[in-house]
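In structure tokens, the next block holds one chain alone, the form predicted on its own.
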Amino acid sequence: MKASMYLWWARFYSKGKVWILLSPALILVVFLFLGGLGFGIAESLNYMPIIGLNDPNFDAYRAIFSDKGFYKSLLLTLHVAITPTLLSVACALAFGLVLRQSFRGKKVFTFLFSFNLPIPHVVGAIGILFLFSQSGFFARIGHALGWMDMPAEFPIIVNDPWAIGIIIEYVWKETPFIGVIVLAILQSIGEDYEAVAQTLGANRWQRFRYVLLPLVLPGVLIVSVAVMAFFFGDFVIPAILGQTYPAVLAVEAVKDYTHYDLRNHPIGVAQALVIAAIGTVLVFLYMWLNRKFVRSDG
């Protein structure tokens, strides 16, 4: 009996060794994720017995989708997520193509390009605030040089309706991150493909468009999806550099959840769940467009 049980356990362990070793971490992650998600869904449905809400309903979601401000915040959030992602990818491709070449001062240029990788986003946001606000460094320099009568005449770049300050910070921070990946892909590709295309008569643009770009884009698109998802759900940078109204969805969700009235908590949680759902849809749409157009075209 003991021998048969030992053999059964040995077979079970050999087949599921990896899952057995990972089970403590998996149980913790699943418990925290599903537990937090379940609690959040219950709270968004106004089910919080601790404060006397015992009848689940969709009042929080009705309040969100009937509010015109929600749609303004959604459009702003999409702008803040998509625009800097596209700009960061374009800048990363440009810098990657430059840095793969050999030239004098390449090490210095590479250092300057990537020095902000370890700098937190919040530090960059504070720097943008000090530099580009209407009472910031450039506004005061412009006033000192006589370019404007008052620093307040400096163009509104921070806390502006078009989220220019947010986009500047995102592009500044994420371009090196994507650029490092682009450079790694370009170095792994080498120059053989381009050399073959050149012998067939392809010019520089054709070599980039039909040789390098299809090889680089799959890897770049994967990392850009992660970057876009981060932008879509980020709270800190829009809270520092964004306007008060309309604010991005993450800021609005935090405002409602931290409201002194606990009855606003379901609205905040519901907004957070809507953000997660829309972000997931955007990621799947992004990947679908990648498979349909980018890879098939390549």
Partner chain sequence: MNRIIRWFAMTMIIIWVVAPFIPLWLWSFSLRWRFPNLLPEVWSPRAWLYLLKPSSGVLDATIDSLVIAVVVTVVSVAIAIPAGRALGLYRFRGKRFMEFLILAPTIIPGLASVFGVHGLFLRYHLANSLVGVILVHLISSVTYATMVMWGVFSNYNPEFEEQGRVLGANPIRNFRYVTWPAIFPGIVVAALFSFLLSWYQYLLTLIIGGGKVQTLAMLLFNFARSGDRPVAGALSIIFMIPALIVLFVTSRYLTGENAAVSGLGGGR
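Being a predicted model, the structure only gives us computed values, none of them experimental. Residue numbers count along the first chain shown, from 1.
Below, we refer to the form predicted together with its partner chain, which is not included among the displayed structures.
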TODO: Please pick, from Trp147, Phe130, Trp162, Tyr71, the one residue with any non-hydrogen atom lying within 4.5 angstroms of its partner chain in the predicted complex.
DONE: Phe130
- [ ] Tell me, out of Leu186, Leu217, Leu78, Leu99, which residue has a non-hydrogen atom within 4.5 angstroms of its partner chain in the predicted complex.
- [x] Leu99
TODO: Considering only heavy atoms, tell me if Ile64 and its partner chain come within 4.5 Å of each other in the predicted complex.
DONE: no
Open item on the list: Can you tell me whether Leu285 touches its partner chain? I mean in the predicted complex, with a 4.5 angstroms heavy atom cut-off.
Closed with: no
TODO: Answer yes if any heavy atom of Ile126 is within 4.5 Å of a heavy atom of its partner chain in the predicted complex; otherwise answer no.
DONE: yes
Task: Contact label in the predicted complex: Gly36 to its partner chain, heavy atom within 4.5 Å - done: yes
Open item on the list: Could you pull out the residues of 133-151 that have any heavy atom within 4.5 Å of its partner chain in the predicted complex?
Closed with: Ser133, Gln134, Ser135, Phe137, Ala139, Arg140, Ile141, His143, Ala144, Met148, Asp149, Met150, Pro151
